[in-house]
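Just one chain follows, in the form predicted on its own, and it is written as structure tokens.
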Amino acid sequence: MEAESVPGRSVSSAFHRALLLIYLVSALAVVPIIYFFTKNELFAQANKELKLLVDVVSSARAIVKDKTRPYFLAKGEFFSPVVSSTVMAKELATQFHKLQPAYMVRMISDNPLNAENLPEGMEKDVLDALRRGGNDKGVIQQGSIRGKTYLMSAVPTKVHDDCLMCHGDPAAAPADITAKYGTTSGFGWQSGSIIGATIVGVPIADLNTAVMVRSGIVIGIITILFAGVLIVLNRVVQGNIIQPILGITEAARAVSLGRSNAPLTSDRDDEIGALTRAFELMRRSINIATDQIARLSRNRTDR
């Protein structure tokens, strides 16, 4: 009876499937890992830039409050950028935006002199939260303003007594203020109240886009590495395992068909070598047994 045919590529196919499975698991596992580290990196960078911008704005306002305002008011001179810290911060924000349009610096108030400073979108929620929480240190959060996503720092703007010179009774306000902004908004402030907020925002790169780009790069590298590993291991497996096993299989078929004269040798000192030598011993034993049976058969025939 003809020996059963054994698929010669079964071990190789199983090896390829296992390597492919490892590749797929690695590729799938790398995406959430990249997402986690990319998100942390983007937010860490945004926080660093945010603190720098907040310090710049705070420094400009402090200079106006402590230096320029007392100097000019003592002389009876009024020029809003050097007397009003809010105006100075607004001028700073305008100039900074021309140089760095991706960043945002806004002074908001729901009772401003300048209508451009009215809160928009989530800025209203930020101002309400500052008033409810009474948090002098402000808040840091992620949000969208004018269609762009920022990591924002919002610090409350509290009314001090010296603010009332411009924002108290409109009849007592400097003529430059009323001439420029009118008398319908930006007045009637109360000392100690939170009238608005300074909001500084740094852009956050689109997280999904960043993750896709980095994932594509990493998966591309993994693919190249796995392709190289597959080629090398495939040659090693084919030359050291598959081909020797196929040779033993062919020899076993030959023995089953009565063609058992071809010796099978191996100088390998491993499992494949041991299997080859064991098969060769079996082949010799079969040949010896076959010869003995043939002699016995001839002897009986001769009688």
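All residue numbers are counted from 1 along the displayed sequence. Being a predicted model, the structure only gives us computed values, none of them experimental.
Not pictured, yet referred to below: the form predicted together with ligand HEC.
Taking non-hydrogen atoms only, residue 131 never approaches ligand HEC to within 4.5 angstroms in the predicted bound form.
The closest non-hydrogen atom of residue 125 lies beyond 4.5 Å of ligand HEC in the predicted bound form.
For the chain shown alone, residue 107 is a contact residue for ligand HEC in the predicted bound form, at least one non-hydrogen atom being within 4.5 angstroms. The closest non-hydrogen atom of residue 206 lies beyond 4.5 Å of ligand HEC in the predicted bound form. Screening 170, 112, 143, 138 for any heavy atom within 4.5 Å of ligand HEC in the predicted bound form leaves a single hit, 112.
Checking 93, 163, 202, 219 for any heavy atom within 4.5 Å of ligand HEC in the predicted bound form turns up a single hit: 163.
Checking 229-237, 210-218, 181-189, 143-151 against ligand HEC in the predicted bound form, the stretch whose residues place heavy atoms within 4.5 Å of it is 181-189.
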